[in-house]
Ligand SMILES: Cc1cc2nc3c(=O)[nH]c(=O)nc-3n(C[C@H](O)[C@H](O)[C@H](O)COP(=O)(O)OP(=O)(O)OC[C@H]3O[C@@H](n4cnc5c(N)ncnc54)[C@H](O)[C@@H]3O)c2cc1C
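The chain below stands alone, shown as structure tokens; this is the form predicted alone.
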């Protein structure tokens, strides 16, 4: 008689949870996803899937081809600082056929998130809404999860994919406040302007004095955008600003008059959101016993490298490759075997993600440099960083290269 499939509880049905569930299912596990929210909600604005993340998503047949987005072809850097105005760099990504994994794909986050959930459900994976993790009781061969509504469930092991405000992380390591980076963003989605620089599917950075604007294509007709500022803390609710505040920002903020299409995007936005940017202290370990963390639950980051979701996908590749290596039949693993797998996973992933979190915060601070001299220095850095094609290729390869094994 065959043994029942090994059950795995995934806490969190955000960007990472559905992808992890499909990877586990294909290895022979039975994953079930529990999500604290009562139902799917359209939160977030845009998301940039980079080559390292796309490479992993492409292992799910048909997924990348089904994602609606803008295959980014070009990266531009402009300064609107009056004392140092103009184009800083213009870089064209190596061309690849769109049916293959390209360098970067801009997507609307809500639509991409919905696509991942639908994909998981289509694979037969159960998604249970309205279940917030409040307790974890570990046994010799299983973990029992308690939810806020009083219900419980038991599985062989648990993976916490429940984001920067992870309840799984709090259960393992105690509650801790998220670290406000000192920066806030105001962002939205707008119809794409005509003419330069939007003839191609473009990502563009625009620098002012203490201000940074980024925009990229999310399809052939629309762009996502965000302004980064150093301001008092704004909670990460992801709710739209009230209508009066949105109209005031569109008409009267200094960014509404910026050139190269930035002001036009702001003036024509259909919904504007304001939110703080956070990360968390680095953990020395991401697991306790049969419970392990992944993605933003383990290493939340500010968005200035565009690597948040992409690093979660790298986590998934590493973790599931190790499960396949050490437990190829997807049998009920012993605690000692899980300890070996989770420890090896951490030994590779913690140094890489810690370096990227630190670099993202550094880049955020650099982009909002204040004062004419500091802004000129910043502009020169980005000119040198992105103005030489060979330097860009080497830097990009170093950032995105990884060994999933």
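These figures come from a predicted structure and were not determined experimentally. Numbering follows the first chain given and starts at 1.
Separately, the form predicted in complex with the ligand exists; it is not shown, and the next lines address it.
Student: Are all three of 16, 43 and 162 close to the ligand in the predicted complex, meaning a heavy atom of each within 4.5 Å?
Tutor: Every listed residue reaches the ligand in the predicted complex, so yes.
Student: Wondering, does residue 144 line up within 4.5 Å of the ligand in the predicted complex on heavy atoms?
Tutor: No - in the predicted complex, heavy atoms of residue 144 and the ligand never come within 4.5 Å of each other.
Student: Taking the ligand as it sits in the predicted complex, is residue 314 in contact with it (heavy atom to heavy atom, 4.5 Å or less)?
Tutor: Outside the cut-off, so no.
Student: Report yes if any heavy atom of residue 133 sits within 4.5 Å of a heavy atom of the ligand in the predicted complex; otherwise report no.
Tutor: Close contact exists here: in the predicted complex, residue 133 approaches the ligand to within 4.5 Å, heavy atoms only.
Student: Would you check, heavy atoms only and a 4.5 Å threshold, whether residue 342 touches the ligand in the predicted complex?
Tutor: Residue 342: no, not in contact with the ligand in the predicted complex.
Student: Within 4.5 Å, heavy atoms only, which of 55, 36, 361, 378 is in contact with the ligand in the predicted complex?
Tutor: Filtering the options by heavy-atom distance leaves 36.
Student: Quick one: of 211, 279, 167, 73, which gets a non-hydrogen atom within 4.5 angstroms of the ligand in the predicted complex?
Tutor: Answer to the contact question: 167.
Student: Heavy atoms within 4.5 Å of the ligand in the predicted complex: which stretch in 246 to 254, 175 to 183, 328 to 336, 125 to 133 meets that?
Tutor: Single hit among the candidates: 125 to 133.
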